Every structure is written in structure tokens, then in C-alpha cells.
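In the block that follows, a single chain appears as C-alpha cells, in the form predicted on its own.
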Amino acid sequence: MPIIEVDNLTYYYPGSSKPALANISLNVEKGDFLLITGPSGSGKSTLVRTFNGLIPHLFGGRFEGKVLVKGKDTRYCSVAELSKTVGIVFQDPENQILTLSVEREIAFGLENLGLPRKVIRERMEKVLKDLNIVHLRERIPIELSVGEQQKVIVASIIAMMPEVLVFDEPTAHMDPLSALKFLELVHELNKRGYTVVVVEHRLDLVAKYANKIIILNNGRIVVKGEPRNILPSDIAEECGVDVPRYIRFFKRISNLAKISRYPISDEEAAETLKEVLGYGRSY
């Protein structure tokens, strides 16, 4: 059974005559790293909000089809219940910060679950160490950098032990180095066993970690599959997706040099270029 199953989902925001999502069907399997991309306004954030019941419970609107989380129909489960399985990190961490210390921020959700004080303390210590933010424990979250704030939000969600972590454009306000480090952390969490869903435009940084990608446009899934197969396709660029530069480069020279396998990272791009140039070839 997929951990998340979306079946023929169509959704209209309140007062809208145009669907934000139309006929969406997809499965997220346990252990997946799913990358969701597409131009602005294509429905990416709307889609992930259905994974923990924010849509339709908090946003209202017209909801057709169904979304199942571990076999449970989200229409009949509360957001609080669904959040035990699916945790979401939004692009602006300040909107999720509720307290005046990192420790209190992590403890907040655990206290709402009614957990014993000892369990709260044990989980808090574990996530502080796991995410290497022990040194931030007494800091005021709103005084931290965006990258540090995102780590605190991730820690507060992981402490509640969900199975799925959803990141909605988490690097939108980060510089390139901070974005790189944060996405490396997301990859590490996936390797530890978390199912990961990432909405992201910076495909050059994240595509190499994903085993699945879907491209949305005008509320519809245009194409889905493995990043290595999807990103070099013409349809990706036609949809306005910011295809990594190294893929665009090799597409342009493909009529001059045989490209057997398009690269999906900077490292692979360097190796592919060596092959094209015949670097190290003996004559």
C-alpha cells in the first residue's frame, strides 16, 4: 500500500471557478524521495497541502476525488491526526515559529500530543543532536538565520516522529550554500528512512537525490517518472521548468556528440564532459 495515494483529485479554492488541481493521481511509496516542480502557480503548494488535510479542512473549497494517507481518507481525518504521519515544512520558517526558544519550539508539538515530560526531554535531546543544533537550544528562533530556522522547524516535526516529511520550497529564502547544505540534510533524512516530498525550483541542487519527479502545470500533472529521464525531455523546458544548465548544455551538443546518459548532478556532468572530450583516451 502506498503511504500516500492521490486518486483523481480535483480541487477548487473557495469562490474560484477554475480548479487549482485537476485530475491528479499519484502514489508516494514508503522511502521515496519525490520531487515536485513546475512554474509558479502550477498547484505545487496546493497539492502538498492535501497530504495532511490542510486542504480541505482549513482552506475549504470544493474537493473531488480522494487522498489516502496510510489507507485513511483525509476527508474524514483531522489535521492533528494526519500530522502524526505527515509533517510539513513551509518556505517561510518564521510563519511556523511559535515560541521564544529553540527548546520550547521543539517541545511545543510534543506537549500538544500529551506526551510525558520524560519522553519530551528524550526526544528533544535526540533531535538536537541528530540535526547538529545542540548549540542553538537556548537561542531565540526568530534571531537565527533562515537555514537555522528551517532546521529548528524540521527538528520540531521530527520529534513528533512522522513517517513523511514534506518540504514546500524550503530553500526559497536561502543563499546557494545554505540551500545546498539544507538539501544535503533532507537527503540524509531520506537515507535514515523518512519518506520525503520536496517542492523545489532549484533542480540543480536537489534532482540527484530524488527517485521520482512530477512536473505540474496549470494544476495538472504534465509528466512524471525518474529525474534522469524527465528533465532532459523537451516538455520540461516547455513547461517553464528551470532545467539544470548542465542538462541544457548536453542537449545542445547532442547532435555533435553521442550522449548515452544525461547527467543528473554537477559531478556527473563533469564526468560526462570528460567522456565527450575524450579525456584520458589513449591513441
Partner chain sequence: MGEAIEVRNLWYIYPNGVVALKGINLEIRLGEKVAIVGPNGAGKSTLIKHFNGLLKPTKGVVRVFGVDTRKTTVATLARRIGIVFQNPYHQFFSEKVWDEVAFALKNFGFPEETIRHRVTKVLRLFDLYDYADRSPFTLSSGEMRRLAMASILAYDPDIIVFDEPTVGQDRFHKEKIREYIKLLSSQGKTIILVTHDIDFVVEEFDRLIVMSEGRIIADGAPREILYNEEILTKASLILPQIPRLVKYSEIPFLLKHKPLTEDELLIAVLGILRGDGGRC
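Keep in mind that what you see is a predicted model, and the values were worked out from it rather than measured. Residue numbers count along the first chain shown, from 1.
Keep in mind the form predicted together with the partner chain is missing from the figure; the text below concerns it.
- Shown alone here, residue 177 lies within 4.5 Å of the partner chain in the predicted bound form, counting heavy atoms only.
- Proximity of residue 145 to the partner chain in the predicted bound form falls within the 4.5 Å heavy atom cutoff.
- Using a 4.5 angstroms threshold between heavy atoms, residue 269 counts as touching the partner chain in the predicted bound form.
- Contact between residue 261 and the partner chain in the predicted bound form is not found at the 4.5 Å heavy atom cutoff.
- In terms of contact with the partner chain in the predicted bound form, the residue from 160, 120, 172, 133 that brings a heavy atom within 4.5 Å is 172.
- Proximity to the partner chain in the predicted bound form, defined as a heavy atom within 4.5 Å, holds among 188, 111, 94, 138 only for 94.
- Partner contacts here mean any heavy atom within 4.5 Å of the partner chain in the predicted bound form, and among 223 to 231, 32 to 40, 66 to 74, 50 to 58 they occur only in 32 to 40.
- Along 228 to 242, residues 237, 238, 239, 240, 241, 242 each place a heavy atom within 4.5 Å of the partner chain in the predicted bound form.
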